[in-house]
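Given next, in C-alpha cells, is a single chain: the form predicted alone.
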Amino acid sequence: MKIKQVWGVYYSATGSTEKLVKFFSTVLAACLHVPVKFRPLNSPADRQPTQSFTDSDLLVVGTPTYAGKVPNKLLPAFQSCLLGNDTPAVAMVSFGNRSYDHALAELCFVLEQNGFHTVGAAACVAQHAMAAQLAANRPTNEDLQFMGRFAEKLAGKLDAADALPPPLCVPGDANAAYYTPLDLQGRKAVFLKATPKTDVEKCTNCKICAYVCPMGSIDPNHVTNITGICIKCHACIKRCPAHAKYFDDDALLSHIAMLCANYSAAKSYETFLSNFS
C-alpha cells in the first residue's frame, strides 16, 4: 500500500491529545518515509473548511473523551470537516484515568461513515482536564515510547499490505448514551450551565482565554463575559498565565472530587490493529 502523506488531525483543548497525535503521526511518517502535516480542529475557524483526502493519505485523528464519548459539541466537526476516499485512518482518543467508554467506537464509526478505513486505533491515558491530579503528567516518555512502537508496527503492516484490511473492531457502542457525571455522594451532578469565573485582580487582560476557547464563547473585549456555550474543557483555566480563571460551581466541583476519590489508579494504554493478511 503506497502512502504518500500522513496527516495528524486533532481537537485538543488542553494540549495532551495534540501531543499524542503529533508524536504518533511523526513516527508513522518517518517509518513510511513520507511528509507529515497537521490540522487542528480547536477553534470555530479551524472547523470551517471541509477537507478531502485520497487513498494515498493516512490520517491520524484524535480527540479527548468527554463523558465517555466524542465531545458532543465537536462531533459535527468530525462528521463534516473530513471526507475520505477509502483513506486509511487511525482513530485515537485520550481519557483522564476514568474510562474512554464508547469514545473510540464512536470515532471509528464516524470515520468509516465519512469514507475512511480505520486500520488502527488507540485509547491513551492523559492528564485529566478538570482534575489535574488524575493521570498527572501523562503522557509520559514511557507512554510515548509505547505509542512509537505501535506506530512502527502499523507502518510495517501498511508498507507490506497490497490492499486495505477488514474494518477495525474496537470495544464500545457508537450509539451508546453519554456517561452520567456523579457527585461525591453518588448523585447525578448537573453542571451544564456552569461557566468559568475570572479573578479580576489577577487578570492582565491578555485575552489568551478568549483565543483558546474552542467554542469562541469568551468575549475578547470583556473576558469576564461568557457569550456562548461552555463545554467545561478547562482550556481557559489551563492556558491562563495569570491563573485568573476558575470554576466555582458546586456540582462541578463535587464531580471533580468524586473523580479524584475513585479513579486514582493508573490506567494503561490500549491499542488495536486491523487484521492485515
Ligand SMILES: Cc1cc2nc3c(=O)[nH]c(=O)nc-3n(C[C@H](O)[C@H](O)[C@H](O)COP(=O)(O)O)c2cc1C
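Just count from 1 along the sequence shown to find any residue number. What you see is a predicted model, and the numbers here were worked out from it, not measured in a lab.
Heads up, the form predicted in complex with the ligand isn't pictured, but that's what we're talking about next.
Novice: Can you pick out, from L28, C233, V223, L59, the residue that has a heavy atom within 4.5 Å of the ligand in the predicted complex?
Specialist: Answer to the contact question: C233.
Novice: Could you tell me which of 148 to 156, 96 to 104, 114 to 122, 192 to 200 sits within 4.5 Å of the ligand in the predicted complex, going by non-hydrogen atoms?
Specialist: Within 4.5 Å of the partner lies stretch 96 to 104.
Novice: Would T87, A161 and S274 all count as contacting the ligand in the predicted complex, using a 4.5 Å heavy atom cut-off?
Specialist: The answer is no: none of the three residues contacts the partner (heavy atom, 4.5 Å cut-off).
Novice: Is there a heavy atom of P40 lying 4.5 Å or less from a heavy atom of the ligand in the predicted complex?
Specialist: P40: no, not in contact with the ligand in the predicted complex.
Novice: May I ask you to state whether A13 is within 4.5 Å of the ligand in the predicted complex, using heavy atom distances?
Specialist: Yes, A13 sits close enough to the ligand in the predicted complex that at least one of its heavy atoms falls within 4.5 Å.
Novice: Quick check on V36: any heavy atom within 4.5 Å of the ligand in the predicted complex?
Specialist: Residue-level check for V36: no, no contact with the ligand.
Novice: So in the predicted complex, does any heavy atom of G216 sit within 4.5 Å of the ligand?
Specialist: G216: no, not in contact with the ligand in the predicted complex.
Novice: Is any part of 175 to 200 within 4.5 angstroms of the ligand in the predicted complex by a non-hydrogen atom, and which residues would that be?
Specialist: Contacts from 175 to 200: just Y179.
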